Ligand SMILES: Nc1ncnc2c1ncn2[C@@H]1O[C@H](COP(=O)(O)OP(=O)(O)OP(=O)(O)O)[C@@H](O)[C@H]1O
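Next up: just one chain, as structure tokens, the form predicted alone.
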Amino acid sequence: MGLVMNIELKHIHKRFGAVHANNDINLTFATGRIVGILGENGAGKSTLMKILSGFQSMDSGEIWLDGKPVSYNGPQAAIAHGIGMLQQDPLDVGAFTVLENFIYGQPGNLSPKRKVAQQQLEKLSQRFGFELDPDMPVSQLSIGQRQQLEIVRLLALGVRTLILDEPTTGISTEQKTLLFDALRELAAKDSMTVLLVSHKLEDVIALCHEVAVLRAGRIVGSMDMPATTTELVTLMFGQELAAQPRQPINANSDDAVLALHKVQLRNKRMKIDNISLRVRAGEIIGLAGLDGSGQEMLLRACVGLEKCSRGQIDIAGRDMTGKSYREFLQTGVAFGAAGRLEEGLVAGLTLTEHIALVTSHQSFIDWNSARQHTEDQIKHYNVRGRPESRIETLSGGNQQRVLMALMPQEPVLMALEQPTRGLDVDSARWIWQQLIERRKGGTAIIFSSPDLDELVTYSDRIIVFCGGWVQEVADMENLTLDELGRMIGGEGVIQ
């Protein structure tokens, strides 16, 4: 396989029912360049990249590589042409180990390759600063670690064009720095083309040579870097977005909606001991820390998905220690997982079928009523989809809106893993508007996020996780992003 010197997308069209996801897209990507693909949620970015990487077929148009038209069907064929994609929700096999997933897709048998493959895995992981245990089941990895595994797997398969969809979600600042340095080296020295789909404009500004912007399925502009955040936001949305003010504390009661009493949590990687926490009605608690530091383990313990080794968990004054997830739900707890299509939604089902699952409490489903309710929810939550749309055909942002529509309107407690993961600035603000409305009604919210600005903006209190230790931020009023970042890195954590 020769080097891909140039990629041309010519008149690409793709429809999902009435939604024209890609409408006459024409783009050229030059070798050795890092290009940001920007746009609001539902703009067509991921669809276009899935077409280029073979995960999605186009209705019409052409792909030219190195001056010649090509046609391929499926991601393996795209990889054979040197194009690989890391999707926002990594595609892996949960029953396989890290090493088995790394080998998966390579030609030949698994057994003779294991030693060589493990050396290659360790070499690539070391280069990027990733910590991947070859023998660990993928089901035990965090989303950030699964993204890391997919990056090194694609590089091992010899891709020459690397497409990354939100690659920095859930990885540390140090890992991101190492990753970006490696991507720059791959572009400059190895003449690779890197396409970065991201809503983190600071990442785009730090890494990219140029950007292309989509809006409602069309290319609306491009820009050489460097550029300011304001310039990029204006190009994406057609206007500058107003600054988001910090939300005031609005805890309605001294009674604890959630109370943790000297709780101990443990898994194969870590133990977190002696966690005590009281969350009042209407209070928002942010959980900060590097990926895999225990935030998600605590959130899942608060909804019955993770059992505590010691201690007690109360919901609205009721001892729920050891109770099942279903029993937690019955007390008015709602949970939002970071993996939308893995735990929150059901691939293959339509929006109407999702609504029917959570609204129908009888064996008989009134489909006319379910469809009408779905249409109402689509309108209320501004979902770009139709009642008959399968959930996997929606963008990540629209899937997140559907998740919000499926949650109860007045839960006692909402426990949310990265509620704005992969969302553009405007969509993230919209999600928080919905959460704050629930908060005004007395719902307590506890959430994790890798976005320090999100944590500082919306949290009444912040709990920092670092190396098995848990500590509450003492001075929220004067907390800066830099100070929070240092705490997450271990500076000033009392051990």
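Keep in mind it's a predicted model, so treat the numbers as computed, not measured. Just count from 1 along the sequence shown to find any residue number. Heads up, when I say rigid core I mean the largest set of C-alphas that superpose within 1.5 Å between the two forms.
The same protein also has a form predicted together with the named molecule, omitted here; what follows describes it.
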Okay, which stretch from 259-267, 114-122, 388-396, 309-317 lines the named molecule in the model of the complex, with non-hydrogen atoms inside 4.5 Å?
388-396
Suppose contact means a heavy atom within 4.5 Å; in the model of the complex, does that hold for all of R278, L413 and R439 with the named molecule?
no
Might R160 be said to contact the named molecule in the model of the complex, defining contact as any heavy atom within 4.5 Å?
no
Is there a non-hydrogen atom of G36 within 4.5 angstroms of a non-hydrogen atom of the named molecule in the model of the complex?
no
Any non-hydrogen atom of R153 within 4.5 angstroms of the named molecule in the model of the complex:
no
Should R146 be counted as a contact of the named molecule in the model of the complex, where contact means heavy atoms within 4.5 Å?
no
The single option of S449, N41, T443, S53 touching the named molecule in the model of the complex, heavy atom within 4.5 Å
N41
Contact set, 270-299 vs the named molecule in the model of the complex - heavy atom within 4.5 angstroms:
none
Just checking, between this form and the one not shown and with the core aligned, does A18 shift 2 Å or more at the CA?
yes
